[in-house]
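Before any questions on how it binds or moves, here is one chain, the form predicted alone, in structure tokens.
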């Protein structure tokens, strides 16, 4: 069985569907409301678990009702929760999400206990990192914690994937990037990391990110697909056409699926195609974790239609 360690955030998401995203100072009347577990780290951990991997999740949640609810959910998914800390001083993270008629979203996050995840919390899971096939992290926890995660992955010869989301507000440390094997930003995140203008092409962004020392760069482009940039050059890989309802966890579905496919021994190109199928399925459903598909659904989606 593929083994994946995810280090990252855990939130409770409060999602409202609305005809459009409100402008500053405007109130828009919405429709459907759901409250579901989220957070990029948790979403990616659940995505990987539903796709058949053995997943260990390193995180912090508050000692509150949201923390209770989230932990129960991770355990139902079969995730190893031994390294999730119950924080006595900060509440669980919360995200407020508005989703418009086209499935696009606007999100405000109160990180709470996520910002108290420490390098020491990760070090307690070093034995699991040493046993893993792939280690996966994001940017909703402190940078020193992500940096220590990458150091431990490198120490034990494990493939390290960094999903630099949300877009970092400061340059990523060189000591972090030199231990990252695969970087998976979206276009906005890539622009932020490179301090590039909005009109920069994905290909130029990929070249700039590779120049920072990352061997493989995968830039997700929403409905335009993915740009893969590695030693072989730049390759555009088109998206799977679906009717999008909610794109909230599409990037997380992609990252979790990429980790699983690579942990199973697939090539990077094959892993990207698998991750694209998983992400495409996720945007056809409302909510973060409820939208993440199981392996059987992905296999059915991959199978050619009968003549």
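Treat the numbers as computed from the prediction; the structure is a model and nothing was measured. Residue numbers count along the first chain shown, from 1.
The same protein also exists as the form predicted in complex with alpha-D-ribofuranose (RIB); that form is not shown, yet it is the one meant from here on.
- Within 4.5 Å of alpha-D-ribofuranose (RIB) in the model of the complex, a heavy atom is found for none of 56, 125 and 151.
- Here the chain stands by itself, but in the model of the complex one stretch of 177-185, 143-151, 90-98, 225-233, 90-98, has heavy atoms within 4.5 Å of alpha-D-ribofuranose (RIB).
- Think of it this way: in the model of the complex, alpha-D-ribofuranose (RIB) has a heavy atom of just one of 130, 167, 107, 200 within 4.5 Å, and the residue is 107.
- Although the partner is absent here, residue 43 lies within 4.5 Å of alpha-D-ribofuranose (RIB) in the model of the complex, judged by heavy atoms.
- With a 4.5 Å cutoff on heavy atoms, residue 275 does not count as touching alpha-D-ribofuranose (RIB) in the model of the complex; it lies far away.
- For residue 288, a non-hydrogen atom is located within 4.5 Å of alpha-D-ribofuranose (RIB) in the model of the complex, even though that partner is not displayed.
- The closest heavy atom approach of residue 257 to alpha-D-ribofuranose (RIB) in the model of the complex falls outside 4.5 Å.
- Contact annotation for 9-29: residues with any non-hydrogen atom within 4.5 angstroms of alpha-D-ribofuranose (RIB) in the model of the complex are 11, 13, listed in sequence order.
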